[in-house]
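Just one chain follows, in the form predicted alone, and it is written as structure tokens.
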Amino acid sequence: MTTFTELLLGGLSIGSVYALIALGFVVIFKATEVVNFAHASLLLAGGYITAVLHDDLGFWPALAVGIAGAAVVGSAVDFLVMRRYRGSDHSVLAIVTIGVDILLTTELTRLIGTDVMALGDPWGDRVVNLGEITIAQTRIAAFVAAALLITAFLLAFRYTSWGVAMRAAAENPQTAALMGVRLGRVSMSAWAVAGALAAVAALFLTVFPTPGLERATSLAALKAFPAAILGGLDSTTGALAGGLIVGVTESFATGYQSELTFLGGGIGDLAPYLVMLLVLLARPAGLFGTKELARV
């Protein structure tokens, strides 16, 4: 029972980080209806800036600059690249984000090289003992930070003028533009928010028990992609639920690997995609996604 509880808590913690990444996918999709395949490079950019600056600035200022830097990179991608293709088919825009991701990730991995970069977090390898259960402080911090950020985003999305503009743009861009909503600003702000969320996620993906930021860190963002898909790409609630489902599934599949040897090695990495496939077979729009209706 102790192992089960530890795996559950660990899964909820890492799942909350996946939810942050998935929320970045959802924000951009709701604002522009584009699937952003460049999200992994935004995550890597935020982590890299924090890792480079923490020795000189200290951890918290470096993290703040990393978050701001990733937000600026996201805004720049929208302003310099995506805006030029506005009006094109959404599949074309998605392909453009793949090109952006290749460009940014190649440059960032060149800068990182073969190093494993620490982010200088204050939690280190300390753990908390709750009876027989042991959990890393970084996992608790990740869960608390993700819960606060997701709650703040949901409140802003519902009660601020920015949130109203986002919802109007997602519902009907043409009508929103006629009502005075500036779609360019909505799109740029969505990219900035997605970059900031990715930078926070980069922190918690690279602290203990992970050794640090490295070239493969961007691949972790791919684990959040099934979270966004199975939750529903246009649902903020779905991003949260999908992230937690993926995190818990991965944690249990990895923790009970020895009992699942008949499924082969590495089932922990594969399990989230299997869950996504099963969910999509039953609900093609995802658990909380909006079903498209067609008049016949």
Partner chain sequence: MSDTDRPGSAERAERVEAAKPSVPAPAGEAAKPSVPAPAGEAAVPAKAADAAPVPPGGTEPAKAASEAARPGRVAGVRQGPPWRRPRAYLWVALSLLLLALPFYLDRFWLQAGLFAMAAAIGAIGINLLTGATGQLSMGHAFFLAIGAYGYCVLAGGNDVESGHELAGLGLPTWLAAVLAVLLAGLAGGVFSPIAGRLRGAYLGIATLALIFVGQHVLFNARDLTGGFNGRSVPPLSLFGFEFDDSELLVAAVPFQSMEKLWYAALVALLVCGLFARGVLRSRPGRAMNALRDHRIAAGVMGVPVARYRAAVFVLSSMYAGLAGVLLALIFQRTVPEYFGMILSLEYLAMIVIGGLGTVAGAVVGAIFVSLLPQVLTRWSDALPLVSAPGTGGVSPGEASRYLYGAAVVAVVLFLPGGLTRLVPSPREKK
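Because the structure is predicted, anything quoted here is derived from the model rather than measured. Residue numbers count along the first chain shown, from 1.
Unshown form predicted in complex with the partner chain; subsequent notes refer to it.
Each of R84, L233 and L274 places at least one heavy atom within 4.5 Å of the partner chain in the predicted complex. The stretch from 220-228, 137-145, 196-204, 123-131 that comes within 4.5 Å of the partner chain in the predicted complex, counting heavy atoms only, is 220-228.
At a distance threshold of 4.5 angstroms between non-hydrogen atoms, D89 is in contact with the partner chain in the predicted complex.
For the chain shown alone, R110 is a contact residue for the partner chain in the predicted complex, at least one non-hydrogen atom being within 4.5 angstroms. In the predicted complex, the partner chain sits within 4.5 Å of a heavy atom of I267. Taking the partner from elsewhere, P211 is found to have every heavy atom lying beyond 4.5 Å of the partner chain in the predicted complex. A94 is the sole member of A94, V72, A168, L149 with a non-hydrogen atom within 4.5 Å of the partner chain in the predicted complex.
A heavy atom within 4.5 Å of the partner chain in the predicted complex is found for one listed residue only; from L103, A118, V164, A177, this is L103.
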